[in-house]
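Okay, so here's just one chain, in structure tokens, the form predicted on its own.
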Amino acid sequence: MGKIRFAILSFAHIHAWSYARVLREIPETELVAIYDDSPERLRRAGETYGVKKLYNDVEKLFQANEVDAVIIASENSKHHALALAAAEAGKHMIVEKPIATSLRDADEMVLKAEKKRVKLQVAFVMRYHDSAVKAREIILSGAIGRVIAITATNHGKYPGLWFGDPVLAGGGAIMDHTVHVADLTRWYTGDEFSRVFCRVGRNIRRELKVEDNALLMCETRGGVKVSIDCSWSRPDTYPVWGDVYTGVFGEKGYLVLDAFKSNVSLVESGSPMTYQYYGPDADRNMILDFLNVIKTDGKPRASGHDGKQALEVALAAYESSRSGKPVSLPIKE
């Protein structure tokens, strides 16, 4: 098999720029086309990465039959339509998280990909971060015994752009940050969530139409207690975007994952603190694994089903915050 030709469908999501970088760095891949419904983003992305085949109509991109796979990095609410179009065209895909903004859309995406026999992988990049992989190996080895509880944080800055639009994003910090930790919990325990209770705090940024902080208290079917502290609580001047921190309590031990701790922080006279991360390149690992899935007809490490299950936790959190009561899973939309 020669080079796998990729298109990136929208640079709306900030992660798209990193994915494009990786596609340029890996010898086996080629970024040959870009679609975006924003003329300015389309122009900028094309110029940045030297891509000449630029489209503002995704159907025309697929009709040209120039690509083998796509990375969907649009606004959350647009994942559904782009994924259906990609599957219909027979293109393998990585879909940015959350997979969709409704369970109905997620189901339709998964079923369409299965029907068309294309790979649908969700961009749960933490499953491809070396420290998170090692943590799972330790847990599954039985070194800390049966998992009793997990406490986790996913903090960050407010991303700006469309993330504050309740229609385009499908929610705020809960939708943006809960899904990562919920997915890691499922991956580590091999278990599904059974109950979610959520409290949304008073907004730090009062002008936002979506929540920017919340706390979830959850339980899995096997009885593991899970707390998820998700927020956009970091100030705009903070030197790093945020964290993915997880403490796993077992019957025989305790494990801590602090995924982005490998860094150098620097303060120079007259300048704000800067931060340089020197840890694993999870985006690169994820895309390399996706290439292997395509070549071997394998199963994605983070599947469409995984994307739906994590989304359900976030949607249950919203329902709980509205009712003030715990919500049992599965939920009905």
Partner chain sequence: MSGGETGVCLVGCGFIGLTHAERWRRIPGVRLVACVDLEKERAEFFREKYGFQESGNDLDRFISLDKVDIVDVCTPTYTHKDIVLKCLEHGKHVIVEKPISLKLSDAKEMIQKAERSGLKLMVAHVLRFWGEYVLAKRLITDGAIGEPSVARAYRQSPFPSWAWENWHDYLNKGGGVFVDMSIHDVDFLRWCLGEVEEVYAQGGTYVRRNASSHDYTHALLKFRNGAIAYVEGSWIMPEDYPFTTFLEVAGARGILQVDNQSTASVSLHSSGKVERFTPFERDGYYLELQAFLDSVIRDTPPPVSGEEGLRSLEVVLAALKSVLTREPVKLPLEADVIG
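Positions refer to the first chain, counted from 1. A quick note: this is a predicted structure, and the numbers were derived from the prediction, not measured.
Although it is not shown, the form predicted in complex with its partner chain is what the next lines describe.
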| Heavy atom within 4.5 Å of its partner chain in the model of the complex - residue from Lys134, Arg117, Arg206, Arg104 | Arg206
| message | Under a 4.5 Å heavy atom criterion, is Leu184 part of the interface with its partner chain in the model of the complex? | response | no
| message | I'd like to know whether Arg146 contacts its partner chain in the model of the complex, with contact meaning heavy atoms within 4.5 angstroms. | response | yes
| Do Gly142 and its partner chain share at least one heavy atom pair within 4.5 Å in the model of the complex? | no
| said: Can you tell me if Ser233 lies within 4.5 angstroms of its partner chain in the model of the complex, counting non-hydrogen atoms only? | reply: yes
| said: Within 4.5 angstroms, counting heavy atoms, which one of the listed stretches 91-99, 74-82, 119-127, 249-257 is next to its partner chain in the model of the complex? | reply: 249-257
| said: Using a 4.5 Å heavy atom cutoff, which residues in 314-329 contact its partner chain in the model of the complex? It's fine if the answer is none. | reply: Gly324, Pro326
